[in-house]
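Shown below, as structure tokens, is a lone chain in the form predicted on its own; questions about how it binds or moves come after it.
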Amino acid sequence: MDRFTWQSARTVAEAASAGKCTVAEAMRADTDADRVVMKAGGIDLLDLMKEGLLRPTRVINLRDIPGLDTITEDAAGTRIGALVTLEQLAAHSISRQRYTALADAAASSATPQIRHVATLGGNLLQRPRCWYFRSAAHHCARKGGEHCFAFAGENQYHAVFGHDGCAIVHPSTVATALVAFNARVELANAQGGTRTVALEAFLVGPEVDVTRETDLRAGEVMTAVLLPPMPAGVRSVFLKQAERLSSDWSIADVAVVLQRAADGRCQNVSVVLGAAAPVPWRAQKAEAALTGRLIDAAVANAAGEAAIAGAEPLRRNAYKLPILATLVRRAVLTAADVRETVP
């Protein structure tokens, strides 16, 4: 790694003033003055530096800014500070009781050692884990090149939806659950202003801009994730399939947030697929198949099949489709408290 200057910001305004660019911009920058980046847990930043993909001249440390590492709840919902670690998120009583799918998603991420360091903000802002993107030898479309190498290459872990010019899958597991809960992100600038954006809109696909994954702007700091209050009776489930039982990236994951009416019918539901697209993929056809229905095995199975309708698998990743359908079915049945029957 190259030498760089270290600066510990004490306030959000100080960090925002110093942050001249996003990590995506710094990776494409031509001059030293343009390679100033921010660090929270530093998990992804260190990976990018070791891989020779990012050579910052200055790193702005966010961990000394007070007030960004707490989880609080009021009538408006729940506020999760951007510096809350994945371990805090997995274990906190509010997330465990109100947002179970989110707690389970955090608990299933990486290893215990990484979860104790990695922050929620950093996890949402990490760059893709595609091996072509992470290879210094491949100047792919996301790094400003002309094409995505995954389409004709090793694409067994890549997207089956929404791969318009780039076949990455979104790297954040917790993002799957957060989108299902209709989370919003709070972003602050150096002038003391803030903007709040729905996470689903904040995470951008390659059809919007193939060189970045978020709507984060230079000079902005993510300060919090905001969750709406959950009505009584809402149940949420997160399920993940990986090649190994622990510490491995998802092959596929699913978050379901389900509210039933007094007569037991599905009143409101969110179904979001992870490791399936460049962004957490809302399975709208599955949601439509569930809304207004009494949940049983047949309805849950239909929702699973609807979730994968319209998929466009690549040469090596069609195996993901039955896995996603099965995860949706199981998550729906669990959220509806219906026992799965084995024929």
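Numbering starts at 1 and follows the sequence shown. Not measured: the values here are computed from a predicted model.
Although not depicted, the form predicted in complex with a small molecule is the subject of the following passage.
- The three marked residues, 96, 287 and 333, fail to reach the small molecule in the model of the complex, with no heavy atom of any inside 4.5 Å.
- Look at 269 to 277, 171 to 179, 256 to 264, 87 to 95: in the model of the complex, residues with non-hydrogen atoms within 4.5 angstroms of the small molecule sit in 171 to 179.
- In the model of the complex, at least one heavy atom of residue 23 sits within 4.5 Å of a heavy atom of the small molecule.
- Residue contact check for residue 110: one or more of its heavy atoms lie within 4.5 Å of the small molecule in the model of the complex.
- Of the heavy atoms in residue 207, none are within 4.5 Å of the small molecule in the model of the complex.
- Interface residue remark: residue 226 is not counted as part of the site for the small molecule in the model of the complex, having no heavy atom within 4.5 Å.
- Out of the listed residues 45, 299, 311, 306, 45 is the one that sits within 4.5 Å of the small molecule in the model of the complex by at least one heavy atom.
- Checking 126, 78, 189, 100 for any heavy atom within 4.5 Å of the small molecule in the model of the complex turns up a single hit: 126.
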